[in-house]
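Only one chain is included here, represented as C-alpha cells and corresponding to the form predicted on its own.
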C-alpha cells in the first residue's frame, strides 16, 4: 500500500513540474500588456514559460502543436475570492476549513492561515479550471471575530504549494460583523483599533495572541489587508483606518463604492466587487447600481471581479460581460479577471509576453460572452485534460445525441 501511494505521489509531482515544449499557432492574443491585441500570431512555450511570440515560428516533431485557428487566447482567468480547496460541501462541517468560530481562547486570530488546509485535489478545482480559470484568492471566511484570518492567491495547477503573491489578512467591517463584536459599528472599530494598537506596540496583549500580533506586524510590512465593506460610510472608515495604520488595503464587496470613488482613487485602494449587484440586498447596499465598475474605473480605481461563490465561481466571467455592457471598457473588464488581481496581490503577472508564465486559455469566441467556451486551458505550459467530475457525469449519464433535442433524450 505504501508503494502504491508513493507511485501516485511521484506521478502527481511529475505531471505538475514537467512541461513539454508547446507551440500555439494562429492565435488572436489578448496580451493584457502595451502590445494590446495581436492577431494571427504564434506562441512558443518552453519550460512552462512563454519563450517567443511571432507571426510564424518554426516547429519540429518534438514540439506539440495546438492550432488556435484565429481564436482568442488570454491569460488564465481569476476565479475571484473563494474557498476552493477548502470547502467541498458547505453543509458538511468536516468538509469546511475556511473559518473558525467559538475558539476556547475567545481571542482574535489573524494567524489563522487557511492555506495550511488547501486541498488541490478538491472536485471544485477542475470544475472551475476547465471553464478557463487558473487562479483564485483563498479566503478566510468571516467567523465570530472581525479578524477572520489570512489566505492568499493559489494557482489551479494541482500543486500542494502553488501559492502566489502576498499574504492577505481578512477583516470583516460590515454591520453583520459588528453585531457579533459588541452590537455596534462603534464597538467593532473600537476593538479593531485596540487589536492593532496591541500588535504594533509593546502593550499587553488582551485581544490577540503573540502569534497574531506577529502576523499583523508582518502583514503590515509585506502583506495586504482585505476589508469586507459595502456601505459607503464603512468604506470611508476603511480608507481612514488604512491611512492611519499605513496599510496596503483592498475593499471587498463595495456595493456603494461608486459613491466614494474619488476617495478610493486618491488612496489607490482597489475594489473587488460583483458588478451584477444592482438591488439592495440589505441596508449595507441600498445604493447598489449596475455601472458601479464603470464609475470606479473612470475615477482611476483598480477593479477586480468576484461572484462571492466558490462552487459556481466560473460564472464570474458573466459578471465581467455585464460590467462591459454597462459602461466598463472591454479591455478593462478582461483586466479585472487577469492582470489586475495579479498586480494587486503581488503574484505572477497575468500578461502574454516573453518570459511570462504560460497560464493561458484558448476560447471559442469573445471570453466575455456567456456562449463562449474555454476550448483548451494551459497551466504552466501543460495542456489541461479538460476533465472534471461534471464532465465525467455528463458523459456517463447523458447518452448519445439523436435526432431529438437533448430534453427529449432519456438517460
Partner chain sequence: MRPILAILLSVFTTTVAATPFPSTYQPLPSSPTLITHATILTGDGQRLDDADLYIAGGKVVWVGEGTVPSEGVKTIDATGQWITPGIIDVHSHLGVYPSPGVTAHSDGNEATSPVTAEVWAEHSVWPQDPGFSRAVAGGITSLQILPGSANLFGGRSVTLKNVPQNSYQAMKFPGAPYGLKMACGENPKRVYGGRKQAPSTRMGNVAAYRASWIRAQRYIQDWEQYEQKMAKQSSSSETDGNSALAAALIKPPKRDLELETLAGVLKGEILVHMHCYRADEMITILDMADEFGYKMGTFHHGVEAYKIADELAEHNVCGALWADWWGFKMEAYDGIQENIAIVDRPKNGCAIVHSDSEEGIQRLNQEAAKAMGKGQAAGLDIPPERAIRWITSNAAKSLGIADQTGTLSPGRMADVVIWNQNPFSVYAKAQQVFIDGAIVFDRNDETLQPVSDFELGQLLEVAR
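All figures in this text were calculated on a predicted structure; none of them were measured in a lab. Positions refer to the first chain, counted from 1.
Keep in mind that the form predicted together with the partner chain is not shown, yet the notes after this line are about it.
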item: Per-stretch contact check against the partner chain in the model of the complex, the hit in 363 to 371, 377 to 385, 62 to 70, 44 to 52 (non-hydrogen atom, 4.5 angstroms); value: 363 to 371
item: Contacting member of 86, 124, 269, 81, with respect to the partner chain in the model of the complex [4.5 Å, heavy atom]; value: 124
item: Answer option from 330, 166, 220, 237, heavy atom within 4.5 Å of the partner chain in the model of the complex; value: 330
item: All of 35, 38 and 263 with a heavy atom within 4.5 Å of the partner chain in the model of the complex; value: no
item: Non-hydrogen atom contact residue 290 with the partner chain in the model of the complex at 4.5 angstroms; value: yes
item: Partner proximity in the model of the complex: residue 215 to the partner chain, non-hydrogen atom cutoff 4.5 Å; value: no
item: Close approach of residue 302 to the partner chain in the model of the complex, 4.5 Å, heavy atom; value: no
item: Contact of residue 280 with the partner chain in the model of the complex (heavy atom, 4.5 Å); value: yes
item: Partner contacts in the model of the complex for 315 to 341 (non-hydrogen atom within 4.5 angstroms of the partner chain); value: 315, 318, 321, 322, 324, 325, 326, 330
